[in-house]
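One chain is shown next in structure tokens, namely the form predicted on its own.
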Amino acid sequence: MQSIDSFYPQLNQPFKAVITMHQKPDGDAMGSALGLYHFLKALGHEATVVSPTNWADFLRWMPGIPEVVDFERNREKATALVNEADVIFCLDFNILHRTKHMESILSEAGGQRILIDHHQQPQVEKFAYGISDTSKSSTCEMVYDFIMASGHGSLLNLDMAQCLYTGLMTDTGSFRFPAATASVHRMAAHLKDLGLNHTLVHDQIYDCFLENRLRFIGYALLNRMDVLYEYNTALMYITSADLRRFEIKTGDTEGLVNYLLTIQGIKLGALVIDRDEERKWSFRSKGDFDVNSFAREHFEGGGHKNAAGGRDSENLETTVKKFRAVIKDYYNQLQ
């Protein structure tokens, strides 16, 4: 994988681009993809965002969302776009299987794959150019850096600002995580200077849910949470029946795992959700406990040191038992 700097000259010649991200895109994945989309369009390139799956309703306000192609709903069109692209930007993921059913199509595509990502252990052999920087708060911050370093920072506009601020805000926990460095705040100030209404973005992301989601959260906290004080760990498990009972949609469980870390003394929060095809894990930690390594070791996952995800093809009861068993090996690390 060549340095991203080596790609900048290609921005001066028109090309056809596809921008994609991990399945079930969150604020950072969709924000970085749409921010880059608006930038490439401003440069005169032909660009399309292709999402591997659907996305949460709280992202539907974002500028450019109506043009995003959902691979699972329109495979023929999405596949043709990928195959015809000269350049394929891969944002907020660094291993192709995180795009679910798009993996083989991306792997076989003839276009140059460009990586912009901040997770650990990238699949570097799959990318022609790229940057992988785990010190960055978000992929949105990295796309902002990409725009500025390319020499085209004057093209930044309000649409780009709204998209990029979304991921900056969500991936820093509204600027409370350690990743909210001085450069993050300087970026936010620049976006504000462009006319960004940060309150509008916050309201759209956090304050536009339906009543059923709040009742679901209350039910889950009361009935689906176990606190393992001897391991300074909190575990929550959501059944498929729970999802149906409260009519939970994509995005409605976003942030649920973070509630577990609000308990005094808890260093590890683990959430597992019984999806139809697999069990999806989310891990969050405080301090030195590395959930990236934990997820990679036990649950086919990965991510960041303090925030990671995983999966399990076993049923819910089995995967919960597995978690309870393996956590015993980390007793000393969690004290």
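Sequential numbering from 1, following the sequence displayed. Please read all numbers here as calculations on a predicted model, not as lab measurements.
Although it is not shown, the form predicted together with a small molecule is what the next lines describe.
Mapping the unseen interface onto this chain, Lys280 counts among the residues with a heavy atom inside 4.5 Å of the small molecule in the predicted complex.
Although the partner is absent from this view, Val49 stays clear of the small molecule in the predicted complex, with no non-hydrogen atom inside 4.5 angstroms. Taking non-hydrogen atoms only, Ile95 approaches the small molecule to within 4.5 angstroms in the predicted complex. A residue is said to contact a partner when one of its heavy atoms sits within 4.5 Å of a partner heavy atom; Lys136 fails this definition for the small molecule in the predicted complex, lying far away. No residue of the trio Glu103, Arg113 and Gly130 has any heavy atom within 4.5 Å of the small molecule in the predicted complex.
The stretch from 262-270, 31-39, 281-289, 56-64 that comes within 4.5 Å of the small molecule in the predicted complex, counting heavy atoms only, is 281-289.
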